[in-house]
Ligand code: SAH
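Shown here is one chain on its own, the form predicted alone, set out as structure tokens.
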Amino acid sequence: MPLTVTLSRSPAADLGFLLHKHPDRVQTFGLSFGQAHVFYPVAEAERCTAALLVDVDPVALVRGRRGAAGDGLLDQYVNDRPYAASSLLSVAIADVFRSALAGRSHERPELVEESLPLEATLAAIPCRGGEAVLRRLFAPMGYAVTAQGYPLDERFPVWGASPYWTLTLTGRQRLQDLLRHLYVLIPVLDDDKHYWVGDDEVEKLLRHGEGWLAAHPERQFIADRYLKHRRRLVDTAVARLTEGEGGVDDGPGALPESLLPAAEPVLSLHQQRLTAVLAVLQGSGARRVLDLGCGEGRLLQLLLADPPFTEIVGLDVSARALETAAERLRLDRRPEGQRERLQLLQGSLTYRDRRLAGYDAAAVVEVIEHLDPTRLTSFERVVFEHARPGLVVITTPNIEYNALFPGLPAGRLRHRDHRFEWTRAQFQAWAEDIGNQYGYTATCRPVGPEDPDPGAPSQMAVFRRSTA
């Protein structure tokens, strides 16, 4: 079952850095049901194609299988699994392209966030519902969809069409997003999985659907098929996907949904912030991470779901918020290994705290605008002078965007607890001043849908500590 991914821009060899697979070598990986091979049929300056070929051992596939009650011995050995794209391919993508799927590239971290001209082709994929389902699932994410169907047998046209398609997706995407889309949607098209579906599949769906699935018009359909129509699991997944859609900041006093501009996407702005921050942390290669002002633990939940983050600390001044975070993260029900990776601390970001020193990275998501301006200098010293992580990611609202909220009175801030909100120029100037004062380089980026005049609703600064 081959999958090919093509990058068509120079230098096309960047695809090798993103996939962590060298174009000059054929690499083979062992799987529980066979082997996966990665090779490059095309490796030129302007175009590079990586191929993932999964070689299924039918006996290994059946061994130890837990299946449905109606499965017979013949069904286990005589099927299309060795030849058609299915959940087996999704497992291979997760195993073989683990770093790319997580959005990490140690050699070229800047590539992770770049939207690239990509093309993915699945040579033989079963799709219940045919071309209409293929387009319903992939077109909303910006892909040009090309689907080629086949007759069941050319010698007997009366038998009709086969369930198999050759699917080609073309568009500008981050490679991580393309792989996540394929990982989730391949078994959705097939409407089947080769393994037992339990509670952990909900976590997989939410983790790999982070940043796109909640906004997808077919999210209910996707969850239903991905979880093999198990109603309890589907209801849990959809409820968690839709939680927090009611406002910009997802918190008490946040701007109500009725005030959002018509173009505001279904995916909440806070979810978009968390996705953007997570992507930067993943791309940095950080292992020990601070979430400063962690609140109820939404970012902690994403970090904990990503195994490369080996030590995670959430700090907040509110004891109640930390209790809520512990409940949200279900710490009392997690395996000991996961619990040991996470520590929740109560503390203030305006007082020096020795517990925060020595970490690779720190995230400060929608926190600084809640500080009195007179306390901002203390915050800067705590984070950049004393804790001094290698990477700091800070997000804050862009006040210029407030004009697009028709029900927001002029001069009113977006949240009743905000002490200030900055323009893009003010945030850029503050970030540059921090960098010059404490030895960091600062880069500012928009977060959320951009308008030509006021920009995006939120803004993010990425601080990297200078090596000199």
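A residue's number is simply how far along the shown sequence it sits, counting from 1. What you see is a predicted model; the values in this text were computed from it and never measured.
Here the subject shifts to the form predicted together with the ligand, a form of this protein not shown in this document.
In summary, the region of this chain contacting the ligand in the predicted bound form, judged by heavy atoms within 4.5 Å and restricted to 97 to 105, 206 to 214, 161 to 169, 344 to 352, corresponds to 344 to 352. Though the ligand is absent from this view, in the predicted bound form it lies within 4.5 Å of a heavy atom of just one residue from 318, 378, 275, 121, which is 318. With the partner removed from view, the residue among 184, 365, 134, 302 that has a non-hydrogen atom within 4.5 Å of the ligand in the predicted bound form turns out to be 365.
Using a 4.5 Å cut-off to the ligand in the predicted bound form, not one of 129, 193 and 225 places a heavy atom inside that distance. Taking the partner from the other structure, the ligand in the predicted bound form has a heavy atom within 4.5 Å of a heavy atom of residue 293. Among residues of the shown chain, residue 370 is one whose heavy atoms approach the ligand to within 4.5 Å in the predicted bound form. Using a 4.5 angstroms limit between non-hydrogen atoms, residue 174 is distant from the ligand in the predicted bound form. Not displayed here, the ligand is kept clear of residue 219 by more than 4.5 Å at the level of heavy atoms in the predicted bound form. In comparison with the shown form, the Cα-Cα distance of residue 205 and residue 321 decreases by at least 3 angstroms in the predicted bound form. Note: residue 300-residue 235 Cα separation is 3 Å or more shorter in the predicted bound form than here.
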